[in-house]
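As a starting point, one isolated chain is supplied in structure tokens, in the form predicted alone.
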């Protein structure tokens, strides 16, 4: 029988410096728009979706971004690279604020890229980053989930990680009739918005263990890579990260953090539109006119 590691038996938590962004999917829910444009580059007001999530990581203290790309995703690399021609033009025209804006996200963190040659699931996307992550804890962030929070959701999770020195998964309560769309946890509440996980189920079709759905933020220990090696392909013939976390649970404790903030499923058409309206209403350049437009609609 394997004994799980307990927080009291662990050394001081290692600083989390790296974040993995799986971005190799085809974005089929947004076709035909995503035939030529990566889903991650769809604009949320005036920035691509992936930039919001990378800014969340940077605001949480992440120093290195590892993006898992696929065929047709070069626009992501170009976006976070330096554009000499554009920057020269902005300098000539004296548009210092715009210049600062496009340089800031490139300068705040370093970037590394790796290719997922086949769409074999989220678990596989994480697995192929092993050499880049090395023997360190790291964050996995999904660009579909946009979280608007006073304290970045990743930073909230890091606070719990520093306390328990174990993997931490972001969760959110969802209606019972929607649990089949998510990975769902079963756990013991150990504090405000904090759970010690006892089981995880990927998209339960009936009898979900709770209404706490896994949202696209994970802090993972290096032990996840051994668990991924042991995990067989699951739903859809893909290597599911949730299945690997169940394996990890056999030897390590895993916690769930019910984050504070508004979450938008930007991988869904309706969620994407809701996010644009919500962020647009906070955008100083357009908020007044957008409010006026929304009030004018005869719904």
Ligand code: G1P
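What you see is a predicted model; the values in this text were computed from it and never measured. Numbering follows the first chain given and starts at 1.
What comes next is about the form predicted together with the ligand, which is not displayed.
| query | Only one of 208-216, 86-94, 185-193, 68-76 gets a heavy atom within 4.5 Å of the ligand in the model of the complex; which is it? | reply | Within 4.5 Å of the partner lies stretch 208-216.
| Has each of 18, 57 and 156 got a heavy atom lying within 4.5 angstroms of the ligand in the model of the complex? | Looking in the model of the complex, the three residues 18, 57 and 156 all stay beyond 4.5 Å of the ligand (heavy atoms).
| field | in the model of the complex, the one of 166, 228, 197, 122 near the ligand [non-hydrogen atom within 4.5 angstroms] | value | Partner contact (heavy atom, 4.5 Å) among the options: 122.
| message | Using a 4.5 Å heavy atom cut-off, which residue among 246, 274, 47, 263 comes into contact with the ligand in the model of the complex? | response | If I apply the 4.5 Å criterion carefully, the residue I get is 263.
| message | Is residue 130 part of the interface with the ligand in the model of the complex - any heavy atom within 4.5 Å? | response | Close contact is absent here: in the model of the complex, residue 130 is far from the ligand, nothing within 4.5 Å, heavy atoms only.
| message | Just checking whether residue 140 would be counted as a contact of the ligand in the model of the complex - the rule being heavy atoms within 4.5 angstroms. | response | Because no heavy atom of residue 140 falls inside 4.5 Å of the ligand in the model of the complex, the answer is no.
| query | With the partner left out of view, is residue 108 within 4.5 angstroms of the ligand in the model of the complex by any non-hydrogen atom? | reply | Close contact is absent here: in the model of the complex, residue 108 is far from the ligand, nothing within 4.5 Å, heavy atoms only.
| query | So in the model of the complex, does residue 148 come within 4.5 Å of the ligand, heavy atom to heavy atom? | reply | So residue 148 does not count as contacting the ligand.
| query | So which bits of 184-205 sit within 4.5 Å of the ligand in the model of the complex, heavy atoms only? | reply | The stretch 184-205, when checked against the ligand in the model of the complex, contributes 202, 203 at the 4.5 Å heavy-atom cut-off.
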